[in-house]
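Before any questions on binding or motion, here is one chain by itself as structure tokens, the form predicted on its own.
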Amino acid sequence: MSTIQFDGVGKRYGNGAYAVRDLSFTIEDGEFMVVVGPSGCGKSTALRMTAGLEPITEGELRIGGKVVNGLSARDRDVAMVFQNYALYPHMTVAENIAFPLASRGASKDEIARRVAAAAQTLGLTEYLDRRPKALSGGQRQRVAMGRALVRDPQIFLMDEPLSNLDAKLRNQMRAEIIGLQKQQGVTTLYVTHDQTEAMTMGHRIAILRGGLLQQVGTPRELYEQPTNLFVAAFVGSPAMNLFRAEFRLTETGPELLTDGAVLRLDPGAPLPAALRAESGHRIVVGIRPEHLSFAPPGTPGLAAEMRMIEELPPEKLVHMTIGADTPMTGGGQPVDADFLTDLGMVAAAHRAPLIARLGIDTAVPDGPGVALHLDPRRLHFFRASDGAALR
């Protein structure tokens, strides 16, 4: 079983600062797990600790059920693909791919057989006699993957392998890596800062922020059920719309109050139980751009001001603003300034931006003032004090 288990794993430096703290999750045998997060969140450190290139200072890391904290990188039976390819410029493609086998003293016949098989799998057969400088970026990355593939490892580790490629090559290489991992069935830990890579490639995704694990789940789980404000704002492009409002339970039903305007929700709307405990408090409300629509004429809606329309066939993005409420507190407690800064929000009255994703032929009302329809079933609610999802 080529599982990877992080059990309270941490990396703490001599000055007391943490790069990674209390990391706990399991990558199952044959799973493609993507670790994603902003720069400096600890994702590359987590991968380097898995590879044995960075010492673990807290917790235990198990590969195949065996604790590997004290094992050298050479003894962990993992293969790593780096961002910068790390090819030897004086060697041919065949020699670069064969290097790990030659280092282990494999026979010439075995080396020839494995190199030929890897080259065929990666479409490199006709380039085996060339040197890296004669290859494109995508071909060089294939060579780096071939070098990892010939080792027949327990684990593939990939550290932002596509970040040096242009957009077209990235799309192509994403599909090739997905197909290769599915064909080989090798447990894979893939690190990236690109959420598109994460959402399209991973069986599951682990999101890090500031060295702490925020959520682990399938792409759909992260998109539809974010555990906090950070995940909600990080996953999705355009990002989830977020605005502040006071939530109230009244005799006529639940209401959201923002900038003096009242948005009444259907009394029968399926609201989270945890939300009801926030009655009378300010919360953060979220809705995905594709779930925003214009209210039919003469029906109540959330007042918004039109700012700009981007036409991106087959859809268009309508940029608007709504009135924000007064300086935000949650249950009488000050707002966490860190996550507000991350989200581009500030603890002061302002106009909150909203984006609606609509079909290219959707009619847009004339005039700067519009009314928006918010389906209560599509709303996300978050506690203002700590950003936790209210479910």
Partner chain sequence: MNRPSALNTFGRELGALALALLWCVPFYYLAIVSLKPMSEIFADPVGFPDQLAFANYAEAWRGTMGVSLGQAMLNSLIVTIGSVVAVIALGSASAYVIARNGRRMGTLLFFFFVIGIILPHQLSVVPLYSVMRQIGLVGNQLGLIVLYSGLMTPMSVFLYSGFVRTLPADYEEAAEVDGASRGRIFLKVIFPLLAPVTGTVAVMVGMVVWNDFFIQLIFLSGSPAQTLPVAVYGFVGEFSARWNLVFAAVFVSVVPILAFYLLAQKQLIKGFTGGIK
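Positions refer to the first chain, counted from 1. What you see is a predicted model; the values in this text were computed from it and never measured.
Missing here is the form predicted in complex with its partner chain; even so, the following discussion is about that form.
Although the partner is absent here, residue 106 sits far enough away that none of its heavy atoms falls within 4.5 Å of its partner chain in the model of the complex. In the model of the complex, at least one heavy atom of residue 53 sits within 4.5 Å of a heavy atom of its partner chain. Of the heavy atoms in residue 84, some are within 4.5 Å of its partner chain in the model of the complex. Proximity of residue 135 to its partner chain in the model of the complex: non-hydrogen atoms within 4.5 Å are absent; the residue sits far from the partner. Only one of 78, 318, 115, 206 comes within 4.5 Å of its partner chain in the model of the complex through a heavy atom, and that residue is 78. Of the residues 100, 219, 211, 289, just one reaches its partner chain in the model of the complex with a heavy atom at 4.5 Å or closer; this is 100. The stretch among 290-298, 262-270, 69-77, 229-237 whose residues place heavy atoms within 4.5 Å of its partner chain in the model of the complex is 69-77.
Contacts between 144-160 and its partner chain, taken as any heavy atom within 4.5 Å in the model of the complex, involve 147, 151.
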